[in-house]
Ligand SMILES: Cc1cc2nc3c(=O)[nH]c(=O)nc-3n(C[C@H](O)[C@H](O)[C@H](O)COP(=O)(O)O)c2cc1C
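Quick heads-up: it's one chain on its own, the form predicted alone, in structure tokens.
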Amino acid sequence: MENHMRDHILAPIVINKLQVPNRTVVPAMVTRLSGEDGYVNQAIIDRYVSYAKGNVGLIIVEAMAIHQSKSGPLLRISDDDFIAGHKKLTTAIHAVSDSKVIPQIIHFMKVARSGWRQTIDMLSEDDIRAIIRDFGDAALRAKEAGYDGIELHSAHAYTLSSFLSRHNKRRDRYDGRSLEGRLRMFGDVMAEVRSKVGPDFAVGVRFLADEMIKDGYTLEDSRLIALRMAQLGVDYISLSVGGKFEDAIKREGLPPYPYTGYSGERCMPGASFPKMPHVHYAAAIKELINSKGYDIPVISVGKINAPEDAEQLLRDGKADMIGMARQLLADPNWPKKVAMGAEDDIVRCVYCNVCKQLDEKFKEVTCFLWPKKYLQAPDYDPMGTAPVWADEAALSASYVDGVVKLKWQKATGEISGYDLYRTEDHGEVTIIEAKKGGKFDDKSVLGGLTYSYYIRAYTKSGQNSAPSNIIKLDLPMEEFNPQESVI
């Protein structure tokens, strides 16, 4: 793969005064690697240094609390005592590459195992003033710790997002009945942060392009919210969707968790969703703010993992940067491999959402595609040896009762897993699953169509075998007899 074919994704970009080496972004993604004390530890440093070694352009460190409320293993920046640890992290990242690093700073409200949760209409004026002050103080600590900017967490179920929400029930200056009222808290926080860090320090925001809940706001509001944020002087806009408390599934004995309902599923769309289901949000928001004279970067996210797709979004002007949380977790060397022309070595996320399930259980977040018991992604060895098929007919398949049953013989070499490829009626080739073992049942097929399959073995470093033999199946249409009962 010639590098010039990816000249957009590999191009530098300026955020405020910050020179970012390329257009790749790892959005904030909870790792559960910190202890209950909230301090940066070696596991946290190793996780984020792996992105820097992979040449990720902009690294957004997982949400870190600006206040003292407990929330399990969560990073904190709520006191000057935390600065030294964050300084170790930024120093380690800057030592290995030109990657830029920004922390996502967050305020969240109280939740209880009973299901009760604090809402913004319960906050007093003094509470609100304290939150605004805490954001400013945390931003200054981030600057002192050597971060290249900060990101204001205004998405999902958390405090700033709740002010922006159509579910905002306040009836004061922050009145939820008007868009202007819903925007005032963010405006107050932005003014406080700027007063503490100055005009040249990058201040980005992550907020929701669509709340994905009943009576929540949609793109009609988020376009205008983004415009106001640009007017207020944010330096980039990173978009997400969903992840709300309003549709969270109640689990006995556990506090509400905002990624368990439909809005949470849309926030991290799994394998059942089509690729890039959210790119139209960034495209529409970018179009509006650019038309009003604001040229700040807009980050598009959501099941974007193919270099050709990322490149096309940038080339078509539908985004300025590409966020890939789960894909860069799976393979933090994605940008390096693209730059080297080694795209075939990319370990492709299959959106199984094992990482999401680990987060929900407050367990250390790892990737199913890594070798067993790895706490971090494997290092990339460009000289690694690809697996080889010992048998020319390694893959076999049968069709039984509406299911294609695939089996394959093990390839030779250092194998981390197998990617399963499929085409439907000779259409686009897609990876439908990644497996550690030697069989898979494809239950998402339809009679009357033609399916072709092959597999590739891959090493922990990402080297792929050649494709196995191709299995082609013309699936029969099921016959229906009107007089037969279903009972």
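From 1 onward, residues are counted along the sequence shown. Keep in mind it's a predicted model, so treat the numbers as computed, not measured.
Keep in mind that the form predicted in complex with the named molecule is missing from the display, and what follows is about it.
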**Request:** Verify the contact flag for D188: yes if a non-hydrogen atom of it lies within 4.5 Å of a non-hydrogen atom of the named molecule in the predicted bound form, no if not.
**Result:** no
**Message:** Quick check on M321: any heavy atom within 4.5 Å of the named molecule in the predicted bound form?
**Reply:** no
**Touches the named molecule in the predicted bound form: Y351 (any heavy atom, 4.5 Å)** = yes
**Message:** I'd like to know if V30 sits close to the named molecule in the predicted bound form, meaning any non-hydrogen atom pair within 4.5 angstroms.
**Reply:** yes
**Complete:** Answer among 160 to 168, 227 to 235, 262 to 270, 332 to 340 for heavy atoms within 4.5 Å of the named molecule in the predicted bound form: the stretch 262 to 270
**Item:** Contacting member of I93, M212, C355, V111, with respect to the named molecule in the predicted bound form [4.5 Å, heavy atom]
**Value:** C355
**Asked** Looking at G417, P378, P297, G302, which is the one with a non-hydrogen atom within 4.5 Å of the named molecule in the predicted bound form?
**Response** G302
**Asked** Going by heavy atoms, what in 121 to 155 lies within 4.5 angstroms of the named molecule in the predicted bound form?
**Response** H153
